[in-house]
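The data below hold one chain only, encoded as structure tokens and taken in the form predicted alone.
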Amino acid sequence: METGSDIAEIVGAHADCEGPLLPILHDVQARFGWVSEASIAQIAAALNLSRAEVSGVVSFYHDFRRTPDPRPVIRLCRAESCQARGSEPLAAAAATLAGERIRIEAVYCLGLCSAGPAAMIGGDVHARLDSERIAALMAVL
């Protein structure tokens, strides 16, 4: 659970940045796994923005979560190149294996179009996935 001083520290780290809202929100998301209403209010006050402006940015981008979710996340590329290489059946297989234990999210390009299907787990990108490789990755989460 974040505290006001945690958010102040993150905001302070971006004090000299031009357009600091997105970097601040990414840092809050990375540290706590979500962006709370209290964080939105504090960030808005610190940047002299309205809560609606900050809330609008949080709700616009899929990477920002408004509620905590402790499950591990697999971001599976569903862009055209990965679709051509079999990401749709892979996504269906992954969803079946994941159940409620793992959250599967669609992303639209991880930059590995020649080596798809690709997925991101944490900060690691995995390419040339098939049902066996995704199952092995999911088994260790």
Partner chain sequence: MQVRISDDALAIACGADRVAQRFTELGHAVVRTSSWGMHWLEPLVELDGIGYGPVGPGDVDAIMAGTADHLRIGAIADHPFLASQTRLTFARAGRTRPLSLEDYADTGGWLGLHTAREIGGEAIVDMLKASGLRGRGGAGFPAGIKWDTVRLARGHRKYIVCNADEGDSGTFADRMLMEGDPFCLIEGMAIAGLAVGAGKGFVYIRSEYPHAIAKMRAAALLAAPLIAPFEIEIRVGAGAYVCGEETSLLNSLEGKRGEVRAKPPLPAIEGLFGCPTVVNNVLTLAAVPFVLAEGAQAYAEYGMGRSRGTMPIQLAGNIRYGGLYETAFGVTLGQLVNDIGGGTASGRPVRAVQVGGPLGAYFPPALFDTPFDYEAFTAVDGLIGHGGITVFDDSVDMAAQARFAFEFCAIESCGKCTPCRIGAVRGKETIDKLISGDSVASNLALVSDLCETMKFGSLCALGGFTPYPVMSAITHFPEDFGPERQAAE
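Residue numbers count along the first chain shown, from 1. None of the values given here were measured: they were computed from a predicted structure.
The discussion below concerns the form predicted in complex with its partner chain, not included here.
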property	result
Option touching its partner chain, based on a heavy atom within 4.5 Å in the predicted bound form, out of T96, T67, N48, S114	S114
Full three-residue contact with its partner chain in the predicted bound form, heavy atom 4.5 Å, for E18, V57 and M120	yes
4.5 Å heavy atom contact, R101 to its partner chain in the predicted bound form	no
Proximity of R31 to its partner chain in the predicted bound form, heavy atoms at 4.5 Å	no
Contact flag, A79 vs its partner chain in the predicted bound form, heavy atom cut 4.5 Å	yes
Residue contact check: C109 to its partner chain in the predicted bound form, 4.5 Å heavy atom	yes
Residues in 82-99 close to its partner chain in the predicted bound form, defined by a heavy atom within 4.5 Å, in order	Q83, A84, R85
